[in-house]
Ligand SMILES: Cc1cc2nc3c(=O)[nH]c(=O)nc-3n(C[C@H](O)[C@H](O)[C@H](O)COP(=O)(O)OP(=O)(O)OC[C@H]3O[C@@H](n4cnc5c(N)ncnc54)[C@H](O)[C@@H]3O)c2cc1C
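Read the single chain below, which is given as structure tokens and is the form predicted on its own.
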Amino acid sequence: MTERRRDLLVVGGGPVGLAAAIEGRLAGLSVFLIEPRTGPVDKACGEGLMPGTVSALRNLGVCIQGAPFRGIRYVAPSGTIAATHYFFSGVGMGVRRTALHAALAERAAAVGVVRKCGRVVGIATHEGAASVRVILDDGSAVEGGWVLGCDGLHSVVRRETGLARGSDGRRFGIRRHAAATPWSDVVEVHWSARGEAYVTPISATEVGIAVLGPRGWSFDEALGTFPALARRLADVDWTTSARGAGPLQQKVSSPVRGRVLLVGDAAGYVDALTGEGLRIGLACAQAAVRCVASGRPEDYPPDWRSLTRDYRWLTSGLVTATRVPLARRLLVPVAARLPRVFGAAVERLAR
């Protein structure tokens, strides 16, 4: 059975998919959102929303509550503070991913997004056709004028449209939450010889700990590479179990093919190192909807390149450089010696 045709089909009901669906409705399009999971969707991520992300959510009419943070701090394994940058304007917000998802889902329902629980198994496109069909695992199909693939790191839409170019496979992320009063008004980024740990205030009584590093290490093993942080967390009660994600790097040949546009992590992902994936995802969702609403999908690739340029260049450079042990050891001392450079980089990623 084929559902009636919609203007826009959004595949993936995470935060970026919900934001894209909301953008579609605000642009006057009929929107059908397809997601196999029900209820708030969780994800292993740092959960720190940069000031630009907070502003973008506000513009969508999404109300969020969490713990504000004022900047980013780099910390050496010993616990020595190397560099701190406070945002020039605005504040970030630490928000549990489930709470963010619930707020976006509420707003999507309020603006009239129609949701269907199902798993996409195929995309049927025909050159020159004015529509595209999305095939679900129950044998049904949904037809739409355009498809936005917002289905994350392991995007089915990316694979089915032939836009995937593989994955690096070296870096993974793991996240847990601890019952602890935040000890800082910034997001702390702890560096070690093997990876990074992000400490994000989530509420007055909870912090999130996300670690990034090589395939195969456990959360406890990862935490052990940050001695000062491990000592601080030695006696805490963990409020969630370890949740992982990866491999982080995903490559695409293009973010668009015909009437299918890729948005967020589905459109290619470098790494979570700079913590701005959601900000970019929201900006690209807005750009993608603008392009399909005007019937100009050819405008999306240059828009996507412009919106993601700083993230791709800076993050790729950091990931590549820190694969060299000496460069990884020097990064925190260099940030301490060049605070203006460190601050400028943070500001470009925060806006």
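The numbering used is simple: start at 1 and walk along the sequence shown. Computed from a predicted model, the values in this text were never measured in an experiment.
Heads up, the form predicted in complex with the ligand isn't pictured, but that's what we're talking about next.
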query	finding
Check all three, E35, E47 and G277, heavy atom within 4.5 Å of the ligand in the predicted complex	yes
Contact flag, C150 vs the ligand in the predicted complex, heavy atom cut 4.5 Å	yes
G12 within 4.5 Å of the ligand in the predicted complex, heavy atoms	yes
4.5 Å heavy atom contact, G24 and the ligand in the predicted complex	no
Touches the ligand in the predicted complex: V62 (any heavy atom, 4.5 Å)	no
Among the candidates A56, A67, A287, V41, the residue which, in the predicted complex, approaches the ligand to within 4.5 Å (heavy atoms)	V41
Candidate from A164, V186, V120, V256 lying within 4.5 Å of the ligand in the predicted complex - any heavy atom	V120
Segment assignment from 111 to 119, 223 to 231, 84 to 92, 177 to 185: heavy atom within 4.5 Å of the ligand in the predicted complex	111 to 119
